[in-house]
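This document starts with one chain, in the form predicted alone, laid out as structure tokens.
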């Protein structure tokens, strides 16, 4: 096995995804983008690709893991970060999670009570942690074990205390 550059690994991932979709009889445009020095993204665009995303991105996560495994086979077990996205799902999911997190954080601030979220993938948990880092008065922690790992949002020590009056300022 020879050492493969990130771009070569990305090209191997793109070739695998193209072949898989061809075998599935799906028509899509597949492109490769270097996200940064350690991450390549294979983007799949087209019509009727929902089957590749699945419920809450579960099928997409499996497709990404399968793609990574194939690339690792070519590299002798090591690969850089290879992402697969279908029809811009990851960006839409991140935006929706950010909005949801802001709503939950506002509830935590107004009630003074922590709130546990449903179990989610590591990528989704990162979006939530990052969103809360931008909000004063709320902190996060992850609890549980994979695949049931989840986030708890709590008022931070310096958060204004809820006065219990029931007044809602939002």
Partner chain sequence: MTDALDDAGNRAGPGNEVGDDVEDDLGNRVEGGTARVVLSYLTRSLANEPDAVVIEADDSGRTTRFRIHVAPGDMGRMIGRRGRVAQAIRTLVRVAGSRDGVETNVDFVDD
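A quick note: this is a predicted structure, and the numbers were derived from the prediction, not measured. Think of the rigid core as the biggest set of C-alphas that the two forms share within 1.5 Å after superposition. Numbering follows the first chain given and starts at 1.
This next part talks about the form predicted in complex with its partner chain, which is not shown.
Heavy atoms within 4.5 Å of its partner chain in the predicted bound form are found in exactly one of 101-109, 38-46, 134-142, 62-70, that being 62-70. With a 4.5 Å cutoff on heavy atoms, residue 34 does not count as touching its partner chain in the predicted bound form; it lies far away. Although the partner is absent here, residue 26 lies within 4.5 Å of its partner chain in the predicted bound form, judged by heavy atoms. Using a 4.5 angstroms limit between non-hydrogen atoms, residue 12 touches its partner chain in the predicted bound form.
By the criterion of a heavy atom within 4.5 Å, residue 128 is excluded from the residues contacting its partner chain in the predicted bound form. Residue 23: CA moves less than 2 Å between this form and the one not shown after rigid-core fitting. In this overlay on the rigid core, residue 67 has a C-alpha that sits less than 2 Å away from its partner position between this form and the one not shown. Figure legend: C-alpha atoms of residue 55 and residue 144, shown here, are separated by at least 3 angstroms more in the predicted bound form. Between this form and the other one, the CA-CA gap for residue 124 and residue 80 narrows by 3 Å or more, being smaller in the predicted bound form.
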